[in-house]
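In structure tokens, one chain follows: the form predicted alone.
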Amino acid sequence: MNKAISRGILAVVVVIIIVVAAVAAYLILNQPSPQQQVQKTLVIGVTDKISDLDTASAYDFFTWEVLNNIMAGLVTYKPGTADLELALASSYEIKDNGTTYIFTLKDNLKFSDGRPLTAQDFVRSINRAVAINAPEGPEWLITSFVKNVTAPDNKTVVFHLFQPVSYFLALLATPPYFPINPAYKPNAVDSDQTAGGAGAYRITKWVRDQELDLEANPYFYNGTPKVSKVIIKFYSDATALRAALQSGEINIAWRTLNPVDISNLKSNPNFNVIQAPSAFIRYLIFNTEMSPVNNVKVRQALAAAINRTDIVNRVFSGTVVPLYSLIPIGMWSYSPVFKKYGDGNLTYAEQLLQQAGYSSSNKLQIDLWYTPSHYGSTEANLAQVLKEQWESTGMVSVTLRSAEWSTYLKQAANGTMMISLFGWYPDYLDPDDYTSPFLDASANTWTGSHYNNTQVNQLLFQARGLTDINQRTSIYQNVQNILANDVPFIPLIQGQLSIVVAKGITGVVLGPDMLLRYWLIGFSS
């Protein structure tokens, strides 16, 4: 070997050694401290619960939020807006007068465990949810609209609808349409399955009602999440949630702190309180086949005796507003139909109770159910205030009963509760989502109301096939009038979103869909 070349090589080697040593020294000296390393992990605290991790059965808002972070669909809402954008799909076209939707998938899609994701996975997942037909599940979001779904090749998904549906793209942004990992049981609900789908995160640990650990999905179609690990901790009540936030155990307190806690934390310099308008509603469900609330006069009387202003002030410290329909205020076609009963109209309530055969010596005996933690620590107070309002007639006796969330859902679906308190977050941003799930007999089995009005069923079917907003508005206003007459549900209040974050947390976006997207959240440098 030429000595000059040899010396040259030696010099290069020496330079490389020096550079490597310098880099190593820099990395050692600049290695994140334990505190900095912890900041790679985002910790979110909630008082809510996950019902189950199976899209065929899960039908509650917080579980859907988790599913939206561990799974993905063809389309999604653009963060902070009501606008839909493509997700797993790269393009789509609509044919046959709005009854056929054809989607082309993005290239090289994978589930979070690295398995290839193809059009057949959409077909398998959707057909599975329909076949399982979980009693409290959301399969109606498929069966009410989709005649069949096919995959002519690995990259094409085709939906054939029974009729045109003006909001079908919004339906596709809901979990029943998400492709799930083949690890899920093919023919039964797999409630604790952690395989997930193709979302921003994958599950690494799941201890029911205690902790859910997520790590960034290296195959996520939409880039790298801002934090590599997210831990969700579940707390028994709002008091424990606030304590965890103030002790630094969690970075974010989300669903749900007490209204008074939110007010107090606004003045704390260590936290930011982020609030946004909400389409979240609270309401009562009646089992219309169970005596004595199978009498419409009884339901109307109870509607008249409710004082929403009292509820707003005493239970929620003025952080919510009274609601007089199932369709939320601010959404087109909203009509305050329950105002005809008044608020705390005891005279009218007493008249209706007398017509139903009740008196101070022959009191109406009813059971009111609530779930103690799912909607926050205000729930027992809300139930107590309703009891007081109804008993103020002098003709009603109320027994309060409670059950934890998973049991509560099953009791509702089985129709074992006489009157129950529930809340609703939107599945899709359309008046249909505040009417069909409650009033359409083919979709409302999860409520346990047993409500079935042929005229309402026909009106809702008609409305979903129309594209003219004026025609649809007229139908939904008609439906709301029937709702106020039949009273299978009583709307109570409409809320707002509130989330409290530690200083230094960035990327929290609250939009009309009210889903928290964990992959957008990070730490300021």
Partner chain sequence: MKPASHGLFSRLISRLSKRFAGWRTAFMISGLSIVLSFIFIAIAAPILTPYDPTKGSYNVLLPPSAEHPLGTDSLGRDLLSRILYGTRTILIILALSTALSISIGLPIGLISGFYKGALDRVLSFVMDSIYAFPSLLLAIVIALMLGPSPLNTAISIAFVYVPTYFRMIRGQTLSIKSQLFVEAAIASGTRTRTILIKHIMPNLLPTLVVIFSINAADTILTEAGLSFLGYSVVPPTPDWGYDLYMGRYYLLSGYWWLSFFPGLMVVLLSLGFALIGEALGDIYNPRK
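Residue numbers count along the first chain shown, from 1. What you are looking at is a predicted structure, and each value in this text was computed from that prediction instead of being measured.
One more form of this protein, predicted in complex with its partner chain, exists but is not displayed; see below.
Peer 1: If you check in the predicted complex, is R128 within 4.5 Å of its partner chain, heavy atoms only?
Peer 2: Result no; R128 lies far from its partner chain in the predicted complex.
Peer 1: Indicate whether Y370 is a 4.5 Å heavy atom neighbour of its partner chain in the predicted complex.
Peer 2: Flag for Y370 set to yes.
Peer 1: Do T224 and its partner chain come within 4.5 Å of each other in the predicted complex, heavy atoms counted?
Peer 2: Close contact is absent here: in the predicted complex, T224 is far from its partner chain, nothing within 4.5 Å, heavy atoms only.
Peer 1: Does any heavy atom of A183 come within 4.5 Å of a heavy atom of its partner chain in the predicted complex?
Peer 2: A183: no contact with its partner chain in the predicted complex.
Peer 1: Heavy atoms within 4.5 Å of its partner chain in the predicted complex: which stretch among 358-366, 118-126, 233-241, 319-327?
Peer 2: Result for this chain: 233-241.
Peer 1: State the residue from T143, S90, T99, Q384 whose non-hydrogen atoms include one within 4.5 Å of its partner chain in the predicted complex.
Peer 2: Selected option: Q384.
Peer 1: Let me know the one among T435, T288, Q300, N307 whose heavy atoms come within 4.5 Å of its partner chain in the predicted complex, would you?
Peer 2: Spelling it out, the residue with a heavy atom inside the cut-off is N307.
Peer 1: Relative to its partner chain in the predicted complex, which residues of 255-272 have a heavy atom no more than 4.5 Å away?
Peer 2: Contacting residues: N258, V260, D261, N264.
Peer 1: Specify closer or farther for T309 and K266: how their Cα atoms are spaced in the predicted complex versus the shown form, given a shift of 3 angstroms or more.
Peer 2: Closer together, by at least 3 Å.
Peer 1: Since the Cα separation of G318 and K266 moves by 3 Å or more in the predicted complex, tell me which way: closer or farther than here.
Peer 2: Compared with this form, G318 and K266 lie closer in the predicted complex.
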